[in-house]
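Shown next as C-alpha cells: one chain only, the form predicted alone.
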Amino acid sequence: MLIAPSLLSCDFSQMGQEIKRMEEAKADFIHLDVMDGHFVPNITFGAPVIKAVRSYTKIPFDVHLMISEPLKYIDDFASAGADIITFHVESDSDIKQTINKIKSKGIKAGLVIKPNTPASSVFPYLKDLYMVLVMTVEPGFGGQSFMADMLSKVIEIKAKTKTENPALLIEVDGGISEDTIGQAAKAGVDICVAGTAVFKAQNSKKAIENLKAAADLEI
C-alpha cells in the first residue's frame, strides 16, 4: 500500500516544512487538494502555492483538481510541478481533451469519481489513465467518516482494468485510518490518501508505518 498524505490537514502557515516532515515520515506521494469554491463548497490553494512549495521535496505531487473547468488550468499546474493530475468526471471540461492535455505535458493523468457517481463512468477512459481516484467521502472537507460502500466501485474498476489497463492504480481519499485501511487494501486499493491520520499523529512516520502494516494484514 502506498500512502499519500493530504496537505488539506497540514499547517498551511508552515506548508513547506510540513512537506519536509512528510518526506522524513516516508510518504510515497504528497496529495494536494485544489478546490475552487464552485465545484466543491470550499477554497484551498492553487498553482502558485504548489509552485512555491515544489522545491521542498522530490516526492511526487499528486494534484487533485476539485474545480469546475480543469482543462483551463492544466498548463498552470504543469508549470507548478505536478507529477500526477487527477480531475473529476463530473467537471465541466471535456474528459478526453483534458486527459490528452495532461499527458501532452508529460504528466500522469487520473480521473476522480464522487460517491454518487457510478464506477462505469471511468470505463471509456481506462486505457489512457495512470490512476482512478474513488472518493470515500463527499469532496470538499477533511476529517469526514469513511464510506465503506464505495469499495464496491474499487472492485468493479479493478476487474475492468485486468483487460483494459492492468498497470492502472486505484486510489481512495477520505476517512482513511488504521481502522479503515484494511478494508481498502482488501478491495484492491493501491494508494490511500490520509490527512488527519498522518498530520495530526504525534509521530507521522510511525503513523504511516502503522497504516501500511494494517493494510498488509488484509492483502
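One rule holds for the numbers: they count along the sequence shown, beginning at 1. Remember, predicted model here, so these are calculated numbers, not experimental data.
The next section is about a form of this same protein that is not shown, the form predicted together with a small molecule.
With the cut-off set at 4.5 Å between non-hydrogen atoms, does Met35 touch the small molecule in the model of the complex?
The answer is yes: Met35 has a heavy atom within 4.5 Å of the small molecule.
With a cut-off of 4.5 Å between heavy atoms, is Met135 one of the residues that contacts the small molecule in the model of the complex?
Residue-level check for Met135: yes, a contact with the small molecule.
Would you classify Gly143 as touching the small molecule in the model of the complex, given a 4.5 Å non-hydrogen atom cut-off?
Output for Gly143 is yes: heavy atoms within 4.5 Å of the small molecule.
Examine Leu8 and determine whether its closest non-hydrogen atom to the small molecule in the model of the complex is within 4.5 angstroms.
Within the cut-off, so yes.
Work out which of Met66, Met150, Ile157, Ala27 lies within 4.5 Å of the small molecule in the model of the complex, going by heavy atoms.
Filtering the options by heavy-atom distance leaves Met66.
Only one of 67-75, 100-108, 116-124, 135-143 gets a heavy atom within 4.5 Å of the small molecule in the model of the complex; which is it?
Result of the contact check: 135-143.
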